[in-house]
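In the block that follows, a single chain appears as structure tokens, in the form predicted on its own.
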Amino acid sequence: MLAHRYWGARLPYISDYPAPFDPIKWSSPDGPHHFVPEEYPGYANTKYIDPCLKVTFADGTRDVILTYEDFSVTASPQPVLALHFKDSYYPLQLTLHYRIHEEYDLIERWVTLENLGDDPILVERAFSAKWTLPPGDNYSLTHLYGRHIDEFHIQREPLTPGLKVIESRRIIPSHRASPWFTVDRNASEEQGEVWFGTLAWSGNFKITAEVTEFASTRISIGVNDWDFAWKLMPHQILATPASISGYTKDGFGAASRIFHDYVRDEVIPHGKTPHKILYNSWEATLFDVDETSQSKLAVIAAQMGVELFVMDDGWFHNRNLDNAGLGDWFPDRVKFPNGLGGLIRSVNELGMDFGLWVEPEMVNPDSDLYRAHPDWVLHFPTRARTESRNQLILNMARMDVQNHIIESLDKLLSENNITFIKWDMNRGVSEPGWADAPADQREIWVRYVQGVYHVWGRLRQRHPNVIWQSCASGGGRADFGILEFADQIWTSDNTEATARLNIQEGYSQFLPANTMEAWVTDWDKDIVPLEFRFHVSMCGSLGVGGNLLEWGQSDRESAAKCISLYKEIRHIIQFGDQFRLISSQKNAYSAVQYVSKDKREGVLFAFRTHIPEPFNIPMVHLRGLDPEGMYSIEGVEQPRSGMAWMEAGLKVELKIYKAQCCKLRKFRNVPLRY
């Protein structure tokens, strides 16, 4: 049995690491197998812990006994260790893969299963990894939960004996949970041991946190086994998605920054490219789009300094409400009799790029596509097809569906100068049937996501310069898996600024600011000032989504100033280190800071929301500065050392519904302008 030995700070010598586990002799019904902290346990013998692997062989045997065979190591591009196992009797080979991302101090794990025999093997659970914590108790688990327009709440709770389950069953990760976790022992934002991880997967997932009766704590993560089965055919290989995990002694903030760097550097396609400030026309026109209405908005957006104009829903064939048109991805001939070319040219002449909204995984029954291919949707032949939002879900596991979407969008992108695609996905699954499935219908949960990846991958190959944004009614599909294809996430359909502070804080736990699309809109415009709304959105990848036709001249001028400021500081926000100084989910006065990698520049945002007078403004203690360097802060006369700003702090006086954006700049002998 492959036993786990250690997970924590790197020790100086090999001899420093704990010896392999010695099963204790326990006079109870448990048996010795139950006590071993096995690295990847299958369901077998006297193990009563939550297993990683569950299979049924052709003769009905429903356990798996893994025996070690050998190992291999590959060195490029990052070192990968492969540990090979076989079942002691049946022709099943299992390989545990470990990839080292040394620059980020991360370990990536996944599993492959291969059927070496002539009979199918039914795989009922195949997690990607089991992460074993050091012996002991008093651990706490942190995860994210929420709902539509209320995503990314941070939930921290003690781990007690038993099994805690976090999961999605909606064919996407969902608004209600995220495939991410941390485990700690009394850690804070700035200090303490934190073990953290995620699953690079854009579908149903499961995280189980188990504390055994002997204070052994283990986190399992992988594709959800609910309603799942995979018929592993002879000589077929099944690979699980990757789980990436790490450890730090420097608190939750350090864990976040490790993942931020990894995503920016290694995951997203255009990680080094600053994201442009966009305007999206949805709230201004809804479905009532045409060349004239969009051109009027584009002129105003360009005057404000917007760099990318995105036309949202309503542009394609027969799309006047949400009850028709999905699936027919060509310009509506009434709204755009000459196609999109005229509008795109006018947008480009204004100095902006052009982007477009699509929802290719969906189809309206009132569409040419559905009338031609009603069998292309997920459904059970004997059940009614549930229309949520007047739409059905195309079966992305089907190759003909994938090819149709690839060719439709390839034609659209090839014929038009489109540099940005907002890919939406606006409903959860129902009737997940596939009558013509090549094996077990329950494979749909994996094959659907693989189909989405295939479509995105082919389109990215054909149009490598296009920026893609993942949207699923907001943050329903925010994960490392989709970010291998998309550069941005539409964080939430909730753009009310005070609510977005909380959503953005939760999002930042494992995803960086440059992936977080954040709009300034008209929500609560009579309560929350425009400058406050801009400052909230400037904490990510800035966008504007209000109805510019109703903005007065003073609002447009204020917006132009904020946009100009963001252009000056976006390299710090999008590519620097983020520090959550005062939590908005816990306080009505909050602060977040970004510091450039060379520690020469920084940006501080402070926000005050629902706090009546009198109120004692808290001290804001900056982080991430050079202790010996001298820093000046905008609005503060006296420069001070980085140590002083971090230890003594400063006060940012704010009235209710006010925000402040301060730039800070390091200098030594020659002061720098800021």
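Here the structure is a predicted model, which is why all the values come from computation and not from measurement. Residue numbers here begin at 1 and follow the sequence given.
Although it is not shown, the form predicted in complex with a small molecule is what the next lines describe.
Residue contact check for R389: one or more of its heavy atoms lie within 4.5 Å of the small molecule in the predicted bound form. Looking at D493, you'd find a heavy atom of it within 4.5 angstroms of the small molecule in the predicted bound form. Among residues of the shown chain, D313 is one whose heavy atoms approach the small molecule to within 4.5 Å in the predicted bound form. Put simply, N426 is close to the small molecule in the predicted bound form: some heavy atom of it is within 4.5 Å.
The stretch among 418 to 426, 189 to 197, 132 to 140, 438 to 446 whose residues place heavy atoms within 4.5 Å of the small molecule in the predicted bound form is 418 to 426. For the candidate spot formed by I154, F252 and Y507, no residue has a non-hydrogen atom within 4.5 angstroms of the small molecule in the predicted bound form. When the small molecule is considered in the predicted bound form, only one residue from F181, W519, F309, W201 comes within 4.5 Å through any heavy atom, namely W519. Proximity to the small molecule in the predicted bound form, taken as a non-hydrogen atom within 4.5 angstroms, holds for one residue of S367, N502, S473, Q578, which is S473.
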